[in-house]
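A single chain comes next, written as structure tokens; it is the form predicted alone.
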Amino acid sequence: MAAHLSYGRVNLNVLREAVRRELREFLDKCAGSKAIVWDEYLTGPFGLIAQYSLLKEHEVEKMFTLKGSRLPAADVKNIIFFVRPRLELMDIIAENVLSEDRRGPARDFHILFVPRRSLLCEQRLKDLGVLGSFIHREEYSLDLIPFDGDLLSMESESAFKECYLESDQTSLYHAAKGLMTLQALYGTIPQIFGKGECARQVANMMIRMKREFTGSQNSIFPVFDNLLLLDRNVDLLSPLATQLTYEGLIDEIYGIQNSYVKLPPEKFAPKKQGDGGKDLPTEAKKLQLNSAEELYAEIRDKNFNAVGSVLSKKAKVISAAFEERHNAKTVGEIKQFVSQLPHMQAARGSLANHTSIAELIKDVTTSEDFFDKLTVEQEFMSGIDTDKVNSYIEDCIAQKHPLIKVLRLVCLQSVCNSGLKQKVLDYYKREILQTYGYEHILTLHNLEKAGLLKPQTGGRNNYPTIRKTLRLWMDDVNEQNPTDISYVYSGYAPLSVRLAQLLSRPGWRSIEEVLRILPGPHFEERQPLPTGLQKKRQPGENRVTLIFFLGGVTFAEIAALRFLSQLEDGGTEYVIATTKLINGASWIESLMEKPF
């Protein structure tokens, strides 16, 4: 069991166990010793549900990464390919199978598609003459992966691009399937709310799937009260702004992948006397970040400016606890101290790690460029000078700062101005193409198609209306002891989370006008429950809302939702699901066309 998945109102270990069971059943179908050939992208998500020890119990002896030419030698009976349904991967698999040494002992081939089988892929294998080589061709429906006690992700890196640029609904179908799996485990969700075109489609798919399974009544008492489906393009602003929570900044600067982060090792090297700093480690320091670590759970969602004081308080508490050993006189007291020692040492190690991480982040956040960039972002979000060419962005282009940084700022300005005036937009495009190369014209086209970088139509800027009605900009933010979700961006309240907050209380009727300005339909559906399963809430008991971000969610938005869950009189606790955990850089990168 993973303890950090069961601390909330919804025990996500139930989901983890269900997907582990399905994996074990498949492995047992392939009798005998096994080697798994991995599509490299899947190793991270799989690591969150099944460690190597589980695979070993089911006779997995070797693991390889999927790459061209011959498979490495392995004395095993079964070779299993774990892959996403991508045509380019089928070509590599065919190459592996065809170059198999016929002189050696015959090995059985199997293929497991994650999360769905694909007729196109099977046809490609058939065209390449290898389809008949596979004994088992199955799918493993790993749709939603539990990351933490209140967080699920599909880790589908191209979901936003597929939905908004390619009109490909595959990831929406997977989202609907994932929601059906959740309802099979945690009961039917009685009320569905949604905003956006993709949200509407997912809700329609779910309702259709439910109709198709009419034979089986779900008799599980519902854990969730509401489901809120939100399109990413309803709020294009939040991922573009720099996140200012501790976890958000770690992700912005170093990138968190499947709850792991790789950090520069020199800050973590044990300091020895008279060493003169030689033999510094060169291997990146890899740390897992989730609520299983007590200190991280406490500081992850705080504004970075509030983290230092927590760390220094913790340091005093830990050193006082270690000092206790001098007061332990009797055998009983010494025994008690010794029993607490492992926990204290873990706490000391955790504190040392997070102090080092905080120092690394502080080096970035105290730099002049970070301050300048943040100032420009905050001016845009509060509605200052959004309609003319910005001198800081001009300087960034002239000094050839990273292209993603420039694109983020230009897109942010465009979103905060409901699109840019044509001459401002043309100027930025020309400068970017002349500085970074004309191959990026495709990227600019993608950003325009996604609604991130576009000309203002109708000459009207709707952002000020949205900002005022939804209170998206707060001037006096208390970063240490926040009273509003705007602390996660030091002033800007994420629009997506504000919509969730207003839905919970007083309801969306109060903001009908703004909902009409924002893209896509808004809707409400009810799913009837069998008698006897209707929930009678106890006085003071919070509602549980599952909020699903279609197209990605940032750690700052997650922090804001956790803040709302913890409010004394909030009335709602949130569980967050998404197609992908993103930040501004990874999101823009997913929309960039790779130069040939």
Partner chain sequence: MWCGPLELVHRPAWPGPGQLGQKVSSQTTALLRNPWRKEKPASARPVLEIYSASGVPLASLLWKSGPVVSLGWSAEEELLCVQEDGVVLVYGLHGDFRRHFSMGNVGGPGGWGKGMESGTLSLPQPTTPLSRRCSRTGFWMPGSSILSLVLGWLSSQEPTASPSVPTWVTSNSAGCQRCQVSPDTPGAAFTAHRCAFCPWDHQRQKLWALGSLRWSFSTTIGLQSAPSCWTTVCQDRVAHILLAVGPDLYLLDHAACSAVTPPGLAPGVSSFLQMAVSFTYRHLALFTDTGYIWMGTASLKEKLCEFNCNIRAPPKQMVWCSRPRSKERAVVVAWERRLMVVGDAPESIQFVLDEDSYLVPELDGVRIFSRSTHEFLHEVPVASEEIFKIASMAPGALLLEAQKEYEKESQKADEYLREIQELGQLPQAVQQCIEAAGHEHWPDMQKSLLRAASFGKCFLDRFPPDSFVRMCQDLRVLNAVRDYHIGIPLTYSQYKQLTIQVLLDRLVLRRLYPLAIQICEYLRLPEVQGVSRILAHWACYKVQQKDVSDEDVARAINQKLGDTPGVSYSDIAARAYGCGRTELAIKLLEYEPRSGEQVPLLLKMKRSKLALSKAIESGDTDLVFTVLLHLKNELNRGDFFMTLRNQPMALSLYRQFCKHQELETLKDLYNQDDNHQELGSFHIRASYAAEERIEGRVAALQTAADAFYKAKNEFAAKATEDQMRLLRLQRRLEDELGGRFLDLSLHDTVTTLILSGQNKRAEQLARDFRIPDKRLWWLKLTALADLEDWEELEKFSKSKKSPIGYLPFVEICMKQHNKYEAKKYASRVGPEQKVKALLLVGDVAQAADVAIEHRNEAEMSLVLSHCTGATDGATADKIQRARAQAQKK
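Residue numbers count along the first chain shown, from 1. Treat the numbers as computed from the prediction; the structure is a model and nothing was measured.
Heads up, the form predicted in complex with the partner chain isn't pictured, but that's what we're talking about next.
This chain lacks the partner; the member of T465, S319, S219, S391 within 4.5 angstroms of the partner chain in the predicted bound form by a non-hydrogen atom is S391.
Of the residues given (T469, S382, Q169, N290), Q169 alone sits with a heavy atom within 4.5 Å of the partner chain in the predicted bound form. Within 4.5 Å of the partner chain in the predicted bound form, a heavy atom is found for none of N226, D569 and G571.
Heavy atoms within 4.5 Å of the partner chain in the predicted bound form are found in one stretch of 160 to 168, 107 to 115, 350 to 358, 184 to 192, which is 160 to 168. T483 falls outside the set of residues with a heavy atom inside 4.5 Å of the partner chain in the predicted bound form.
Mapping the unseen interface onto this chain, E431 counts among the residues with a heavy atom inside 4.5 Å of the partner chain in the predicted bound form. Although the partner is absent from this view, V76 stays clear of the partner chain in the predicted bound form, with no non-hydrogen atom inside 4.5 angstroms. The closest heavy atom approach of R460 to the partner chain in the predicted bound form falls outside 4.5 Å.
Contacts to the partner chain in the predicted bound form (heavy atom within 4.5 Å) from stretch 122 to 141: R124 only.
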